[in-house]
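Before any questions on binding or motion, here is one chain by itself as C-alpha coordinates, the form predicted on its own.
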(Lines give C-alpha, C1' and ligand atoms only; values in the text may rest on other atoms or scores of the structure.)
Protein backbone atom coordinates (compact mmCIF):
# COMPACT_ATOMS: atom_id res chain seq x y z
CA UNK A 1 0.00 0.00 0.00
CA UNK A 2 1.48 3.26 -1.09
CA UNK A 3 1.06 6.52 0.72
CA UNK A 4 1.13 9.98 -0.70
CA UNK A 5 3.12 12.45 1.32
CA UNK A 6 2.04 16.03 0.72
CA UNK A 7 4.74 18.56 0.16
CA UNK A 8 4.77 21.40 2.62
CA UNK A 9 5.34 24.80 1.09
CA UNK A 10 8.30 26.80 2.32
CA UNK A 11 7.63 29.43 4.91
CA UNK A 12 7.10 32.72 3.08
CA UNK A 13 7.75 36.10 4.61
CA UNK A 14 8.49 39.63 3.44
CA UNK A 15 10.50 42.49 4.85
CA UNK A 16 8.40 45.62 4.91
CA UNK A 17 8.88 49.05 6.46
CA UNK A 18 6.11 51.06 8.07
CA UNK A 19 5.85 54.69 9.04
CA UNK A 20 5.69 55.31 12.77
CA UNK A 21 5.82 58.31 15.07
CA UNK A 22 8.94 58.53 17.22
CA UNK A 23 8.83 59.92 20.76
CA UNK A 24 12.12 61.10 22.29
CA UNK A 25 11.59 61.46 26.04
CA UNK A 26 13.68 64.14 27.75
CA UNK A 27 14.66 64.33 31.42
CA UNK A 28 13.04 64.83 33.79
CA UNK A 29 10.50 62.22 32.68
CA UNK A 30 7.74 63.63 34.91
CA UNK A 31 7.89 66.98 33.11
CA UNK A 32 8.10 65.27 29.71
CA UNK A 33 4.94 63.30 30.49
CA UNK A 34 3.25 66.54 31.53
CA UNK A 35 4.19 68.08 28.16
CA UNK A 36 2.83 64.98 26.44
CA UNK A 37 -0.45 65.35 28.32
CA UNK A 38 -0.67 69.00 27.28
CA UNK A 39 -0.16 68.05 23.63
CA UNK A 40 -2.74 65.26 23.81
CA UNK A 41 -5.24 67.63 25.40
CA UNK A 42 -4.91 69.93 22.39
CA UNK A 43 -5.41 67.08 19.93
CA UNK A 44 -7.36 64.31 21.65
CA UNK A 45 -6.88 60.79 20.32
CA UNK A 46 -4.38 61.85 17.69
CA UNK A 47 -1.92 59.00 18.30
CA UNK A 48 -4.59 56.36 18.97
CA UNK A 49 -4.22 53.51 16.52
CA UNK A 50 -0.85 54.71 15.19
CA UNK A 51 2.42 52.84 15.81
CA UNK A 52 4.82 54.76 18.05
CA UNK A 53 8.50 54.08 18.70
CA UNK A 54 10.49 55.35 21.69
CA UNK A 55 13.95 56.80 21.13
CA UNK A 56 15.55 56.59 24.58
CA UNK A 57 18.96 57.95 23.61
CA UNK A 58 18.40 61.17 25.61
CA UNK A 59 17.71 59.42 28.94
CA UNK A 60 19.46 56.89 31.17
CA UNK A 61 16.83 54.44 32.37
CA UNK A 62 16.96 50.95 33.82
CA UNK A 63 14.89 48.19 32.25
CA UNK A 64 12.27 48.52 35.00
CA UNK A 65 12.12 52.30 34.52
CA UNK A 66 11.67 51.83 30.76
CA UNK A 67 8.82 49.39 31.42
CA UNK A 68 7.21 51.93 33.76
CA UNK A 69 7.56 54.70 31.15
CA UNK A 70 5.96 52.51 28.49
CA UNK A 71 3.11 51.71 30.87
CA UNK A 72 2.57 55.44 31.45
CA UNK A 73 2.48 56.10 27.70
CA UNK A 74 0.15 53.19 26.94
CA UNK A 75 -2.16 54.37 29.72
CA UNK A 76 -2.65 57.42 27.47
CA UNK A 77 -4.01 55.18 24.69
CA UNK A 78 -0.69 55.17 22.80
CA UNK A 79 0.70 51.81 21.70
CA UNK A 80 4.51 51.52 21.77
CA UNK A 81 5.72 49.42 18.85
CA UNK A 82 9.39 49.23 19.87
CA UNK A 83 12.31 51.08 21.44
CA UNK A 84 15.67 52.31 20.23
CA UNK A 85 18.69 54.12 21.63
CA UNK A 86 19.17 51.62 24.48
CA UNK A 87 21.49 48.71 25.18
CA UNK A 88 19.36 46.60 27.53
CA UNK A 89 19.00 42.96 26.42
CA UNK A 90 15.99 42.31 24.20
CA UNK A 91 13.04 40.79 26.03
CA UNK A 92 14.22 41.96 29.48
CA UNK A 93 11.39 42.95 31.81
CA UNK A 94 8.93 42.29 28.97
CA UNK A 95 10.15 45.27 26.97
CA UNK A 96 9.06 45.77 23.34
CA UNK A 97 11.52 44.82 20.56
CA UNK A 98 14.70 46.82 20.09
CA UNK A 99 14.36 48.65 16.77
CA UNK A 100 17.31 49.03 14.45
CA UNK A 101 18.06 51.94 12.12
CA UNK A 102 15.04 53.01 10.11
CA UNK A 103 14.63 53.01 6.36
CA UNK A 104 17.08 55.24 4.53
CA UNK A 105 19.74 54.97 7.25
CA UNK A 106 20.58 51.28 7.25
CA UNK A 107 23.75 50.29 5.37
CA UNK A 108 24.26 46.86 3.85
CA UNK A 109 26.51 45.10 1.36
CA UNK A 110 25.45 43.08 -1.64
CA UNK A 111 26.46 39.41 -1.69
CA UNK A 112 29.63 38.69 -3.64
CA UNK A 113 27.61 36.75 -6.23
CA UNK A 114 25.47 39.75 -7.12
CA UNK A 115 26.34 41.16 -10.50
CA UNK A 116 26.10 44.69 -11.79
CA UNK A 117 26.39 48.01 -10.05
CA UNK A 118 24.97 48.74 -6.64
CA UNK A 119 21.36 49.95 -6.68
CA UNK A 120 20.84 53.68 -6.33
CA UNK A 121 18.62 55.10 -3.61
CA UNK A 122 15.10 55.69 -4.95
CA UNK A 123 12.98 58.57 -3.76
CA UNK A 124 9.53 57.56 -2.50
CA UNK A 125 6.85 58.00 -5.15
CA UNK A 126 3.98 60.45 -4.84
CA UNK A 127 0.42 59.39 -4.08
CA UNK A 128 -2.62 60.83 -5.87
CA UNK A 129 -5.98 60.58 -4.11
CA UNK A 130 -8.81 61.38 -6.50
CA UNK A 131 -11.71 61.03 -4.03
CA UNK A 132 -12.49 63.05 -0.91
CA UNK A 133 -10.93 61.72 2.30
CA UNK A 134 -13.83 61.21 4.67
CA UNK A 135 -14.01 61.41 8.45
CA UNK A 136 -12.14 58.57 10.13
CA UNK A 137 -10.07 57.75 7.06
CA UNK A 138 -6.26 57.92 7.07
CA UNK A 139 -3.96 58.31 4.05
CA UNK A 140 -0.26 57.58 4.61
CA UNK A 141 2.66 57.73 2.17
CA UNK A 142 6.44 58.10 2.47
CA UNK A 143 6.38 60.51 -0.50
CA UNK A 144 4.20 63.49 -1.43
CA UNK A 145 0.41 63.23 -1.23
CA UNK A 146 -2.00 65.10 -3.50
CA UNK A 147 -5.72 65.07 -2.70
CA UNK A 148 -8.00 66.34 -5.48
CA UNK A 149 -10.98 66.64 -3.15
CA UNK A 150 -11.47 67.74 0.43
CA UNK A 151 -10.30 66.20 3.71
CA UNK A 152 -13.12 65.79 6.20
CA UNK A 153 -13.08 66.49 9.91
CA UNK A 154 -11.50 63.57 11.77
CA UNK A 155 -9.58 62.42 8.69
CA UNK A 156 -5.81 62.63 8.41
CA UNK A 157 -3.13 62.86 5.76
CA UNK A 158 0.40 61.77 6.75
CA UNK A 159 3.18 62.24 4.21
CA UNK A 160 6.93 61.83 4.28
CA UNK A 161 7.05 64.68 1.75
CA UNK A 162 4.69 67.58 1.01
CA UNK A 163 0.89 67.63 1.02
CA UNK A 164 -1.27 69.28 -1.66
CA UNK A 165 -5.02 69.49 -1.07
CA UNK A 166 -7.19 70.93 -3.85
CA UNK A 167 -10.22 71.24 -1.61
CA UNK A 168 -11.05 72.10 1.99
CA UNK A 169 -8.79 70.74 4.71
CA UNK A 170 -10.91 70.14 7.81
CA UNK A 171 -8.94 67.23 9.25
CA UNK A 172 -5.27 66.81 10.13
CA UNK A 173 -2.31 67.11 7.78
CA UNK A 174 1.21 65.99 8.76
CA UNK A 175 3.94 66.58 6.19
CA UNK A 176 7.63 65.69 6.49
CA UNK A 177 6.70 62.80 8.80
CA UNK A 178 9.99 61.03 8.05
CA UNK A 179 12.04 64.04 9.18
CA UNK A 180 11.84 66.16 6.02
CA UNK A 181 11.91 69.72 7.35
CA UNK A 182 11.66 71.13 3.80
CA UNK A 183 8.20 69.65 3.26
CA UNK A 184 5.21 71.98 2.90
CA UNK A 185 1.44 71.85 3.15
CA UNK A 186 -0.76 73.52 0.55
CA UNK A 187 -4.56 73.62 0.65
CA UNK A 188 -7.30 75.45 -1.25
CA UNK A 189 -9.23 76.22 1.94
CA UNK A 190 -7.82 75.80 5.43
CA UNK A 191 -10.14 74.76 8.26
CA UNK A 192 -7.67 72.28 9.72
CA UNK A 193 -7.80 70.62 13.10
CA UNK A 194 -4.03 70.27 13.05
CA UNK A 195 -1.12 71.12 10.74
CA UNK A 196 2.31 69.59 11.31
CA UNK A 197 5.65 69.47 9.55
CA UNK A 198 8.38 67.20 10.91
CA UNK A 199 7.76 67.34 14.69
CA UNK A 200 6.31 70.87 14.84
CA UNK A 201 2.58 71.48 14.75
CA UNK A 202 -0.26 73.93 15.26
CA UNK A 203 -3.81 73.09 16.23
CA UNK A 204 -6.97 74.86 15.12
CA UNK A 205 -6.71 77.28 18.05
CA UNK A 206 -3.22 78.33 16.90
CA UNK A 207 -4.28 79.21 13.34
CA UNK A 208 -5.12 82.90 12.92
CA UNK A 209 -8.76 83.62 12.14
CA UNK A 210 -7.76 85.76 9.15
CA UNK A 211 -6.20 82.69 7.49
CA UNK A 212 -9.14 80.35 7.89
CA UNK A 213 -11.37 79.51 4.93
CA UNK A 214 -8.70 80.79 2.55
CA UNK A 215 -6.00 79.18 0.39
CA UNK A 216 -2.94 78.73 2.59
CA UNK A 217 0.45 77.12 2.85
CA UNK A 218 2.49 75.96 5.83
CA UNK A 219 6.24 75.51 6.13
CA UNK A 220 9.01 75.34 8.71
CA UNK A 221 11.21 78.31 9.45
CA UNK A 222 13.78 77.03 11.90
CA UNK A 223 11.72 75.46 14.68
CA UNK A 224 8.61 77.52 13.99
CA UNK A 225 5.70 76.35 11.86
CA UNK A 226 4.62 79.25 9.64
CA UNK A 227 1.24 79.60 7.93
CA UNK A 228 0.42 82.20 5.31
CA UNK A 229 -2.40 82.91 2.87
CA UNK A 230 -1.94 82.29 -0.83
CA UNK A 231 -3.49 84.88 -3.11
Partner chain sequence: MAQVLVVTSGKGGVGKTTSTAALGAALAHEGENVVVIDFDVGLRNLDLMLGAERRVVFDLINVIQGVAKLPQALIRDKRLENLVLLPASQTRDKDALTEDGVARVIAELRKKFDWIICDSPAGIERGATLAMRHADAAIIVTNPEVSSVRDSDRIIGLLDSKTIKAERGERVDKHLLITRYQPARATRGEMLSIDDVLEILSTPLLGIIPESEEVLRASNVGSPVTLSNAQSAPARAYFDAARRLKGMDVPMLVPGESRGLLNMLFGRKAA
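Numbering follows the first chain given and starts at 1. Being a predicted model, the structure only gives us computed values, none of them experimental.
In what follows, reference is made to the form predicted in complex with its partner chain, a form of this protein that is not presented.
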property	result
Residue (of 154, 143, 82, 85) lying close to its partner chain in the model of the complex, criterion heavy atoms within 4.5 Å	154
Proximity to its partner chain in the model of the complex (heavy atom, within 4.5 Å), stretch among 24-32, 194-202, 58-66, 165-173	165-173
Its partner chain contact in the model of the complex: residue 125, any heavy atom under 4.5 Å	no
Proximity of residue 77 to its partner chain in the model of the complex, heavy atoms at 4.5 Å	no
Residue 94 within 4.5 Å of its partner chain in the model of the complex, heavy atoms	no
Partner contact for residue 133 in the model of the complex: its partner chain, 4.5 angstroms, heavy atom	yes
